[in-house]
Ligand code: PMP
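Okay, so here's just one chain, in structure tokens, the form predicted alone.
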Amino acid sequence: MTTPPLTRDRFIERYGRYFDASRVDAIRKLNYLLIEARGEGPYVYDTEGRRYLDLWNVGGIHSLGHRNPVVVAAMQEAMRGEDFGSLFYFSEAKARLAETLAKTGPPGLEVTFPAVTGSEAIDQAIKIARGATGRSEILHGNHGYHGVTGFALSMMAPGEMRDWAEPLIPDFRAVEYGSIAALERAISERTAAVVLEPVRTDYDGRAPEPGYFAAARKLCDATGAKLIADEVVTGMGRLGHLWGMQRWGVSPDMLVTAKGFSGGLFPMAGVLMRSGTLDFWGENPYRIISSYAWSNVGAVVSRTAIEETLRLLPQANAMGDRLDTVVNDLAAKYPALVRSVRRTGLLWALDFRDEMAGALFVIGMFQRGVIVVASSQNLAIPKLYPSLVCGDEQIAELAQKADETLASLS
């Protein structure tokens, strides 16, 4: 007897209550409910056979495409020969990953502390900065996105994403992102760290003016504060380099990586830092414990993902130039809807004239089989995160379906 396909309605009827029926129903009413069956390259397929061009990739988790064959093969081989491992023990797999990060990261970042998720790694970096400096104040760019755990959520702008969890951790202060004058006024010798994204990914997709990070570096050096770069989204090739900060030639004191760090196949994250940062721990090496951090299998997967990213970047950057022409042509064709387009490396932000238009564009593209995402803090800014394996076929598909969607909105 053939089992009928798991349609959206059948999923809600059979499983919806286990994921909270009201939440699932709200997603359904947005016309954004997708029941995944599999992913392959730049595409996701649902259980009813529909194919979606994935230009979100969960903010970069699948930057190498879904189930990248090179990374899959490395994982399969690791599963045959590696034990999962223990957080208390070292291994060659972990050592080779740490060595690779030291050789490919910004100069001076030779030590990596393991984590499982980006939010966890951000929390670790902030705690380490407080311990290393003996200070408590954390400065961060306004309207940033750093995750939803305790320390990370404390840097979220007030609103629906954080208000329900108040009160949060004290001594966090937002400063105007991209304004060195604002940072200069705020930073002092009580500042433990300045936490910045190379691009403000979740609000407007904006990169700061040239010289901003170099100036921030000088201010941190002058005051003894740690400069923490949140590269959970912007790392692993998203800005046209392996690490976003390499675009500006600035080395932070700590760099946080996750998402695409393991090619979308294994939960892996880490905090790259300067040698000596953990000296304040003294004789106790177990100040932070994370049971699932850096499995031996995950270490093999992440090292392979780094190598594959470096291999694909030249052709991906060329693809990005072709895609940029298409996106700007669409914006010029529909000026009543799209005010401007911002591109930094392989990240695009489309600035719509109002939040309703931006949200309807996201839904309209989804209905036509293309996944894009709007900023959670600013629905007027849909964003494109194409995988590094996209090519001319995917660019043409985006052009056609975006044109149809924009035409329907206008």
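All of these numbers come straight from a predicted model, not from anything done at the bench. All residue numbers are counted from 1 along the displayed sequence.
Keep in mind the form predicted in complex with this ligand is missing from the figure; the text below concerns it.
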Does residue 244 make contact with this ligand in the predicted bound form, using a 4.5 Å heavy atom cut-off?
-> no
Contact between residue 123 and this ligand in the predicted bound form at 4.5 Å, heavy atoms?
-> no
Applying a 4.5 Å heavy atom distance criterion, does residue 147 contact this ligand in the predicted bound form?
-> yes
Any of the heavy atoms of residue 191 lying within 4.5 Å of this ligand in the predicted bound form?
-> no
Thinking of this ligand in the predicted bound form, which stretch from 293-301, 162-170, 128-136, 225-233 has heavy atoms inside 4.5 Å of it?
-> 225-233
Scan 119, 154, 251, 277 and let me know which has any heavy atom within 4.5 Å of this ligand in the predicted bound form.
-> 119
